[in-house]
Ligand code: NAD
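Encoded as structure tokens, the following chain is the form predicted on its own, with no partner shown.
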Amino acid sequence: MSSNLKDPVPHYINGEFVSSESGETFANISPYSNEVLNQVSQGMKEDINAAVLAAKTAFKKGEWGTLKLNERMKYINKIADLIDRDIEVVAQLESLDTGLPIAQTKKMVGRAADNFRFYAEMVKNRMSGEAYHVDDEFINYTMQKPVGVAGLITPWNAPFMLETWKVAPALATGNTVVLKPAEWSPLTAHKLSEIIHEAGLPQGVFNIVHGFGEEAGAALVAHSDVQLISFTGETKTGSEIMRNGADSLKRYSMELGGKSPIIVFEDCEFDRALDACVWGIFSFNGERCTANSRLFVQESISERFITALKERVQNIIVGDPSHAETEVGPLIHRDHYENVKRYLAIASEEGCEVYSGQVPEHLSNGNFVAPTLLLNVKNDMKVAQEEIFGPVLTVMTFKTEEEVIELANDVPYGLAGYVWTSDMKRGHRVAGAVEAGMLWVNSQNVRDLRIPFGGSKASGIGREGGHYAFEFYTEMKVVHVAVGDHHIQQFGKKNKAASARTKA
């Protein structure tokens, strides 16, 4: 198989590239031109059923779960090697399919290979149990076993990296996988299936079904043989997934929406804070869950900081995502473009000043939204409370530390937060007080694969990353072993003396 855009994108089920049982397809649209790139197999319940059966059979009757650890890790490392080999191809497909600038997709593809190598090492070195002696009578020990069939539902922003982020720990821990990628970004998911096929994994261990959330996604969530659902996407969709899978008592990992604050104090290192703020909201076209989409800047430096932001916004290079110099490309889909534009209209209605950069005229066919600042924002406005998920920064000011903590926490979400100050005591205080799963102090969004990733409140349930992924992808089993002849009560055994007294 090859990633030829002239060919319809197939599913990958039980080690084979197959069309939908219904024969139905849907169009994959270019975010740059809004022309049809290709057709994609439209998965339905019957396709999900086939994929889950393949995954269940591979887990229950196949060799994957019982492979020697070193043998399983050879497959995992082989996948990483093949990703490295195909970095250029994957990066180009990702940029073409999502509108993300090519300079950014190349970095993300490299991280995808790291995900597999990291978990190959992590499973060998950190997936270990505990053992306890109890007097001289028992040894109790734990072991971590794969759960079974993992249903993975991934988003359209940074799809390849986020797919591998879930697939790598799921496979490395011995589970089998059914992946339902986002319908708006199928190309690199298909490329991943080609890579895994070439790596030679046993049939049924890894499966992909393309399609829409209402059909393929819902069928995967409701399937009684799928024990795990890992989902990254909108909070509303996450809630619906949990309802749909409730009957089979699934285990969930949910990485959901965000409306993350960046708090800039007057004693910050100004230029570095400015760099981090601009990069954190306008990189990846603003389509990132951890984007610092709410700026709180201390009043004493607010005029200077906003002036600098305006200059940066005008200088950001909006262009063809395939060009190396492009910094902001088109949004993923026309529907999402219209939604972001709707929020800009709401901002005007709410009394904000909408300050935008420029989109060159020759890009009018694409889903381009210029980098935008929303000024004169109040924290209770829709644009400050709801996730816009585009290159749009809401700007607010504050006077005191206490005030900004209250403002930062007055939002439904709690995924990430950023603090800029030269007072490290204050940095620690504020980081501890902001209600979010992840905080960065004097840093942009940098990730260490060893640490947990996830949010609080409406931003998610559970943690992925590092050994924390084992809590989700493995079942903890406890074994109790007697090493001595401990006392066992003897119910029902006749006691001669007691029997004699009873008769007397």
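Small disclaimer: the values here were computed from a predicted structure and weren't measured. Residue indices: 1-based, along the sequence shown.
Another form exists, predicted together with nicotinamide-adenine-dinucleotide; not displayed. Remarks below refer to it.
Classification of the binding site as open follows from the superposed pose of nicotinamide-adenine-dinucleotide in the model of the complex: not one of its atoms falls inside 2.4 Å of a backbone or C-beta atom here. This chain is displayed without nicotinamide-adenine-dinucleotide, yet in the model of the complex the stretch 212 to 220 from 212 to 220, 359 to 367, 99 to 107, 197 to 205 comes within 4.5 Å of it by heavy atoms.
Proximity to nicotinamide-adenine-dinucleotide in the model of the complex, defined as a heavy atom within 4.5 Å, holds among 240, 266, 327, 401 only for 240. Only one of the listed residues (417, 390, 280, 257) places a non-hydrogen atom within 4.5 angstroms of nicotinamide-adenine-dinucleotide in the model of the complex, and that residue is 257. Taken together, the three residues 157, 234 and 453 all come within 4.5 Å of nicotinamide-adenine-dinucleotide in the model of the complex, as judged by their closest heavy atom. Residue contact check for residue 180: one or more of its heavy atoms lie within 4.5 Å of nicotinamide-adenine-dinucleotide in the model of the complex. Residue contact with nicotinamide-adenine-dinucleotide in the model of the complex: residue 289 places a heavy atom within 4.5 Å of it. Mapping the unseen interface onto this chain, residue 162 counts among the residues with a heavy atom inside 4.5 Å of nicotinamide-adenine-dinucleotide in the model of the complex. In the model of the complex, nicotinamide-adenine-dinucleotide sits within 4.5 Å of a heavy atom of residue 153. Using a 4.5 Å cut-off on any heavy atom, none of the residues of 323 to 338 reaches nicotinamide-adenine-dinucleotide in the model of the complex.
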